[in-house]
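As structure tokens, one chain now follows by itself in the form predicted on its own.
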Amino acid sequence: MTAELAERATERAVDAHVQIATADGGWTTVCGVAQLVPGRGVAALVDGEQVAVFLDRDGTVYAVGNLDPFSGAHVISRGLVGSRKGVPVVMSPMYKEAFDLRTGLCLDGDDQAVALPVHEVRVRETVAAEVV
């Protein structure tokens, strides 16, 4: 029983959240990291703009604009995540253009001048509860 109590005393409930920079220089929490599925995206609303958030298979979180510049549809969060020559990309589900998740640049053909906006993102761990 004593060992159990000592073990519980060191338990900590740690939760990690994804935060995106706001226009006023602050940060807004959009979701928990545990809610993200590696290789798939989610859409969030930050400062009235749709943002597509992705967790890469190596654990890196990216945030880019959710608006596909070619179709005009808010669908980038539904795109497939992968890599092209070592560059992490999301493929638009509409016309299949590849966008670099680090820079937002379109990597396909003559479309290199087109880019998604890239949002600054960070992961913050918080202690939700601590047993003492």
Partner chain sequence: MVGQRFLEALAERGGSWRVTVLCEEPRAAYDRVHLTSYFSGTRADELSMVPAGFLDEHGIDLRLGDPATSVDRAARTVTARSGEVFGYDALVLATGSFPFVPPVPGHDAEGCFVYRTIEDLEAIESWARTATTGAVVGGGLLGLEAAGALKAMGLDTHVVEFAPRLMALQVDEGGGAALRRKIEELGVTVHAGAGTQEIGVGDDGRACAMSLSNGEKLDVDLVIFSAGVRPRDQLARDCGLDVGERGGIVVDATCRTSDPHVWAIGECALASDGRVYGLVAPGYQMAEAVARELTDGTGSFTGADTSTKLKLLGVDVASFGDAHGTAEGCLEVLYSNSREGVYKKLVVSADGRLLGGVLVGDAGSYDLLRPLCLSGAELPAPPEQLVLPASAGAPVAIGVSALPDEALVCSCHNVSKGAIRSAVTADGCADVPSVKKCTRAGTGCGSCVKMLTTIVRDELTANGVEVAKGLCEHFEHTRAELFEIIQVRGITGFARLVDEHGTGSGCDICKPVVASILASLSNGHILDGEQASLQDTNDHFLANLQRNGSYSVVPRIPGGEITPASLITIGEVARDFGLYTKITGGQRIDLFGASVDQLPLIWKRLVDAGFESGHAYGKALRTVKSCVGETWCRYGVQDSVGLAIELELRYRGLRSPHKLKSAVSGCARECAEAQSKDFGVIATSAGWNLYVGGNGGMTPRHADLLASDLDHDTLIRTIDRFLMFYIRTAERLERTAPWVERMEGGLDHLRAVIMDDSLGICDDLDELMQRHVETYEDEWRATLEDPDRLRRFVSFVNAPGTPDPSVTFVAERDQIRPAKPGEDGAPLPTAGLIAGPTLEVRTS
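Positions refer to the first chain, counted from 1. Small disclaimer: the values here were computed from a predicted structure and weren't measured.
Note that the form predicted in complex with its partner chain isn't included here; everything after this is about it.
In the predicted bound form, no heavy atom of Val61 sits within 4.5 Å of its partner chain.
Contact annotation for Arg84: at least one heavy atom lies within 4.5 Å of its partner chain in the predicted bound form. Taking the partner from elsewhere, Val42 is found to have a heavy atom lying within 4.5 Å of its partner chain in the predicted bound form. Gln35 belongs to the set of residues with a heavy atom inside 4.5 Å of its partner chain in the predicted bound form.
The candidate spot formed by Cys31, Leu80 and Met91 is fully in contact with its partner chain in the predicted bound form: every one of the three has a heavy atom within 4.5 Å.
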